[in-house]
Ligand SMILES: Cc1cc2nc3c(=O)[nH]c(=O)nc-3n(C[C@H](O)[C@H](O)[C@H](O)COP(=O)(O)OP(=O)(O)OC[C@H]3O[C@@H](n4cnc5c(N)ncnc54)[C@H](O)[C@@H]3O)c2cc1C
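Read the single chain below, which is given as structure tokens and is the form predicted on its own.
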Amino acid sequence: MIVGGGLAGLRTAEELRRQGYTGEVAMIGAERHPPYDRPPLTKKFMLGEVNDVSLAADFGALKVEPWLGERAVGFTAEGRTGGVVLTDRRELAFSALVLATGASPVRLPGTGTQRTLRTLDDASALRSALRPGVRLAIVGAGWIGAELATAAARLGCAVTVLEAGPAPLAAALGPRAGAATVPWYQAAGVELRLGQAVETVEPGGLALPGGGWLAADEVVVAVGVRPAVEWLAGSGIVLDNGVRADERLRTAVPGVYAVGDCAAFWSSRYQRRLRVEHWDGALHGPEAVAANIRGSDQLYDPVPYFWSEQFGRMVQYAGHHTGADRMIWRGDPQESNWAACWLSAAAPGQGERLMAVLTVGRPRDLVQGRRVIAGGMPVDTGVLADPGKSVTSAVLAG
């Protein structure tokens, strides 16, 4: 039984079959749509350049029984393995369960209409509303906010982005790296207000602290998501910023696994629990889940990866920089192509280790940096800071 009808759920079904699982497979999905690709929703779909974002799931060929348009509302374990999932329509028994329910957008208080951008229905409704001259207020300058601002500006909207932090992407990258993206907004004709909190969403706009007001025809709230796990409360599943899972994506309940945006798994590489809200995790995590359902002992310890297209730039990130000792630039962040590298001390006398890398228009750096991170190899930071030399050339012999 797979609970979640997105990429992680579909990939789990595909991996089970690819790895030779011949038992029954069922999928519960809260949305009425078959699995689809989310990244284009803020990009080409929003611009009208593509209309079909379906992942072309062939349930017949996969021999998967789909229960779409149904929401899981409860779960009960029975014995060592197996149990029952309760949906808003029926009860469904299982022998193994995969939790792939993703995440839900955070909303702000207020009586005004606020849009979020998570589902295909969200994106379809917003695309219809974005027309030249529309005053669009976007609350949050994270990945989604920046991508939506990019598309809306191209569509001729008057876009204002309000960010409570000191810089765009400050929560994801830290203020120093995030600040390098500030000039992109002005160049695109987007008004960016940093350090700007919002009190409530009201009819006709946003109420700001101190009696301030921002008039808007449309308001999109993009201040983050929370794992969609409320329905598991009291079930025996441990919830810890998502579904608490081990390094093999197993939960505390035998026979139950978690994958994708809702999974807070232990990373042996970073020695901390990670919850990665990115497409790459939903793509590759199911390989380990399927293998372990079939009796293997497969470790899941990725180098997280994410990309974003914003303001005409390809932005890519690999790794996890929380706990890093410092960040260095690779190139000039005021230029069109540059990278930022996060480093932590290796063993005494062995240089530093690359923990994460952010690249703008430098795809080769991203590929090589991800390889260096995965290998845990110490680097010469003087070489690494030179954009004229390859990332791999900075690896210290040894």
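Treat the numbers as computed from the prediction; the structure is a model and nothing was measured. Start at 1 with the first residue shown and count on from there.
The same protein also exists as the form predicted together with the ligand; that form is not shown, yet it is the one meant from here on.
Trainee: Look up in the predicted bound form whether residue 366 has a non-hydrogen atom within 4.5 angstroms of the ligand, and give yes or no.
Mentor: Answer no; every heavy atom of residue 366 is more than 4.5 Å from the ligand in the predicted bound form.
Trainee: Does residue 7 reach the ligand in the predicted bound form, with heavy atoms at most 4.5 Å apart?
Mentor: Residue 7 belongs to the contact set for the ligand.
Trainee: Is there a heavy atom of residue 66 no more than 4.5 Å from a heavy atom of the ligand in the predicted bound form?
Mentor: No, residue 66 sits far enough from the ligand in the predicted bound form that none of its heavy atoms falls within 4.5 Å.
Trainee: Decide whether residue 333 counts as a contact residue for the ligand in the predicted bound form under a heavy atom distance cut-off of 4.5 Å.
Mentor: Residue 333: no contact with the ligand in the predicted bound form.
Trainee: So which stretch, 57 to 65, 354 to 362, 33 to 41, 368 to 376, is the one near the ligand in the predicted bound form (non-hydrogen atoms, 4.5 Å)?
Mentor: Flagged stretch: 33 to 41.
Trainee: Counting non-hydrogen atoms within 4.5 angstroms of the ligand in the predicted bound form, say which of 173, 130, 190, 282 makes the cut.
Mentor: For this set of options, the contacting one is 282.
Trainee: Scan 266, 94, 307, 184 and let me know which has any heavy atom within 4.5 Å of the ligand in the predicted bound form.
Mentor: By the 4.5 Å heavy-atom cutoff, the listed residue in contact is 307.
Trainee: Look at the candidate spot formed by 72, 103 and 144 and say whether the ligand comes within 4.5 Å of a heavy atom in all three of them in the predicted bound form.
Mentor: Result yes, every residue of the spot touches the ligand.
Trainee: Judged by heavy atom distances of 4.5 Å or less, which residues of 12 to 29 approach the ligand in the predicted bound form?
Mentor: Residues within 4.5 Å: 28, 29.
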